[in-house]
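Read the single chain below, which is given as structure tokens and is the form predicted alone.
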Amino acid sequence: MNSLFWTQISAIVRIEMKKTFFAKRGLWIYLLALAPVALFFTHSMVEIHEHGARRQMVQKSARQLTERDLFSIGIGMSREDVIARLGEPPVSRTRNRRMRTGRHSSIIVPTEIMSYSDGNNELVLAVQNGAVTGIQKASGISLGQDSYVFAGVFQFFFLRLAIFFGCLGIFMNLFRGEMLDKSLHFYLLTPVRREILMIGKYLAGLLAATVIFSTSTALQFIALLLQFDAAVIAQYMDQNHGLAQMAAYLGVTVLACIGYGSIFLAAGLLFRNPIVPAAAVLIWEAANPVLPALLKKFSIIYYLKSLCPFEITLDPGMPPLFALLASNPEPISRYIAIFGLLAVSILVLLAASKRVRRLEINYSAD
């Protein structure tokens, strides 16, 4: 019996894998998974370009500057005082600015733009009539800051949108897609128990979602690290728990696919229109922070947020909607979170197995 069970499961998984990975209606899922990779890659390329420009300014500078030197310049300081402290600017250009002197009159004022850098920070000064009238400071991004940005993108976009809608597209189509293609009856006419059919389809969808989104998570991490030197990356990985954080993100990605996959597989058996269950689950997940303690445990995001390596702190100026999504007033231990998410997924799959036993095909109605 066990041999037959696993033989049937493996056969269903092999058949479904081809349809899941190469389905034309699922191409948008790959674009959704690659969107944050493109975001971090672009960010790294911009930072590499800016860092190169700052290094060139350091080579052209009359003296070696420090961060303290750059931040000692203030509004109103004369041009001579700036040069006395920082030396001649390595980059300088002049542009004309029109300034109003009356209702119908204006004058052209030449403005000198002076740029300095210590290799990591950049200082841009606007000088008019021999005095500093504007200061713009830019600091280089550290790996610690970028790690925090990565955590925000992962929790706000990747978990709540990319994996959510990616699993919607993969798992809702496991049964609903067969009905639209009028091919589900081929499965139902085979001597395979419907629960086995459901498990095989679920495992195939889970394998596809895990490969797609885990690969995306790893590529995001790699794209983020492109801008840093090998020594900085090695220190981050070995001493600052970089490997542990990457493993945690990959684990959360897999668990998100397990949880959302079970929900959308069940929804594909219960609903004809995917918009209705998707909207309901999306609202339920977003409202999780304000739900009673018991109802929170029936939400996937409740467990996932407790497993993320970074907790997003609430900024006083953060919009109310983002503050609601970021809040996690009752974090739970890692082991309870993993067990709770798996328990919720199993309960949903058990409910789906009861529905699949009574599944009847009527293509004219679908």
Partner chain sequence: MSDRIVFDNVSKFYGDVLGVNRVNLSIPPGITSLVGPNGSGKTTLMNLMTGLIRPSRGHVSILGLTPDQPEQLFHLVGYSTQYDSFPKGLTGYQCVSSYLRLYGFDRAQSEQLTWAAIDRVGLRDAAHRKAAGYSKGMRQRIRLAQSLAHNPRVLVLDEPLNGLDPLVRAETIALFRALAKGGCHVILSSHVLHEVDIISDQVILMSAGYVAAEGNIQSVRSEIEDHPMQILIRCDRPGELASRFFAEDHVVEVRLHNDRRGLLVKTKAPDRFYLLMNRIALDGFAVESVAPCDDDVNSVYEYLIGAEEPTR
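Predicted model, so just to flag it, every value in this text is computed and none were measured. Numbering follows the first chain given and starts at 1.
Omitted from view is the form predicted together with the partner chain, to which the following refers.
Heavy atoms within 4.5 Å of the partner chain in the model of the complex are found in exactly one of 130 to 138, 67 to 75, 226 to 234, 179 to 187, that being 179 to 187.
None of the heavy atoms of residue 352 is located within 4.5 Å of the partner chain in the model of the complex. Put simply, residue 15 is close to the partner chain in the model of the complex: some heavy atom of it is within 4.5 Å. At a distance threshold of 4.5 angstroms between non-hydrogen atoms, residue 286 is out of contact with the partner chain in the model of the complex. Contact check for residue 79: no non-hydrogen atom falls within 4.5 Å of the partner chain in the model of the complex.
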